[in-house]
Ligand SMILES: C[S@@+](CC[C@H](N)C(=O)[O-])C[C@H]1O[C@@H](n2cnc3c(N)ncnc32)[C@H](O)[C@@H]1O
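One chain comes next, on its own, written out as structure tokens in the form predicted on its own.
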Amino acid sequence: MNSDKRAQLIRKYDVPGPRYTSYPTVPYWKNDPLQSKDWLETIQRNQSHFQSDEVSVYVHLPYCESLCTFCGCHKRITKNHAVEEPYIDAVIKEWSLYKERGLAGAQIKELHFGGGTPTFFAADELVRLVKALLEDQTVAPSEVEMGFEAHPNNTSKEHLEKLHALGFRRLSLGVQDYNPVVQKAIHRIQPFAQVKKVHDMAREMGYDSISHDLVFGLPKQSLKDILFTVDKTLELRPDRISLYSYAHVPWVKGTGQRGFNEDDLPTGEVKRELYEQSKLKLIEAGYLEIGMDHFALPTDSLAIAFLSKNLHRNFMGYTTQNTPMLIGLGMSAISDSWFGFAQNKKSVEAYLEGIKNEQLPIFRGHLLTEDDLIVRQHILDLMCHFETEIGKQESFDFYLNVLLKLGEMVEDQLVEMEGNTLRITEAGIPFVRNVCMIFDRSLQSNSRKEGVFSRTI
């Protein structure tokens, strides 16, 4: 595709749209508030339907010592480390509440720490948390895929050693960009030497899946900046590389994304060039493009799962573990029983108060209808495999509506139809979110909400 055609398509399709870590997406959830009994009923339905006791667990560790102005996550900024122990106590208690309410025999197959900054917490506090979560399990720790996100500036040898001893083998390092001007704009100062130090320590200890998170489209970021960052990243050759599009959502409370002039942000066409040129370097270096914004070496489990069509996507992002249930623990964490979603309270104080009162600290969610489940599977298949089968379970009106909307994308050579199989072309991969939006009935049947979604390109 020539540059003029690509620019034309970017102008046409660069609209606000979901990133599809769930369907329906959070702004269109209908159960607010969500009652605990209704949420627990979806867990029982999950257990009955899938006949499985396997579960993935995500723990949200929200504390950070300083605010990064590119970040849209739920977090709490503090230098007071006295908050660690009571927060870990609450997460352990929350897991016990779930076990008392139907998950007593649950076998954790995946455990991931995200944030915030998980390495804000002392290594011993994280060890205490892991041991409590894995207590009473019959699954060996070596069979659990465990990983954590880490800030290179405060990840110590002790963190790496003690978590590795418990079975952690995945590490995700937040890099973003190596240009000092960009780092200053996003308030994230970390030299390459520090990232290399943590990366090399982890590799020497035996972490076999190290990921570096890069971000394109940041304020003051040029093509030269992102390519320099990619080149430095390739020197360390991590197993996985996430090349995330900067999501500009300054309307989200607490993001800090008003800390720079919006004129400093690259336009849609320039932003896409940052990605395409970075992608070319990664492909030439031997990485495979995985789903949206992800790359992995062919030997990594993420690439293997993608090639075998076993890749899964949930609120933790892309994963190789397709367990039927995800339980999110901690402030603002989201759980997924396939038949329903539930989100915990979004302030630390409200979360801790709920746990103190022996309550599951959920406040909103969504109970999926049969139509929701059909659309959800389509979007999951598109996001993970770039294809889906249509025309089997849908109503005729739904099927016809999708085909009509796809017509323009077929003409633009972004998708192709072969029988009942809808396949996203190589040129269409950057527009995968736009393709998913065609199936998104909740988005189409409700008025578009302004100031909700980042732009798709």
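Residue positions are given as counts along the sequence shown, with the first one as 1. Since we're looking at a predicted model, the values are computed, not measured.
There is also a form predicted in complex with the ligand; it is not shown, and the following applies to it.
Peer 1: Does Phe70 reach the ligand in the predicted bound form, with heavy atoms at most 4.5 Å apart?
Peer 2: Yes, Phe70 is a contact residue.
Peer 1: Looking in the predicted bound form, any heavy atom of Tyr246 within 4.5 Å of the ligand?
Peer 2: Output for Tyr246 is yes: heavy atoms within 4.5 Å of the ligand.
Peer 1: Classify Arg188 as contacting or not contacting the ligand in the predicted bound form by the rule of any non-hydrogen atom within 4.5 angstroms, answering yes or no.
Peer 2: Yes - in the predicted bound form, heavy atoms of Arg188 and the ligand come within 4.5 Å of each other.
Peer 1: Can you tell me whether Val215 touches the ligand? I mean in the predicted bound form, with a 4.5 angstroms heavy atom cut-off.
Peer 2: Output for Val215 is yes: heavy atoms within 4.5 Å of the ligand.
Peer 1: In the predicted bound form, which of 346 to 354, 191 to 199, 94 to 102, 116 to 124 comes within 4.5 Å of the ligand (heavy atoms)?
Peer 2: The contacting stretch is 116 to 124.
Peer 1: Could you check which residue among His159, Arg170, His151, His378 gets a heavy atom within 4.5 Å of the ligand in the predicted bound form?
Peer 2: The residue in contact is His151.
Peer 1: Between the options Gln176, Ser278, Thr323, Thr319, which residue brings a heavy atom to within 4.5 Å of the ligand in the predicted bound form?
Peer 2: Looking at the other structure, the residue within range turns out to be Gln176.
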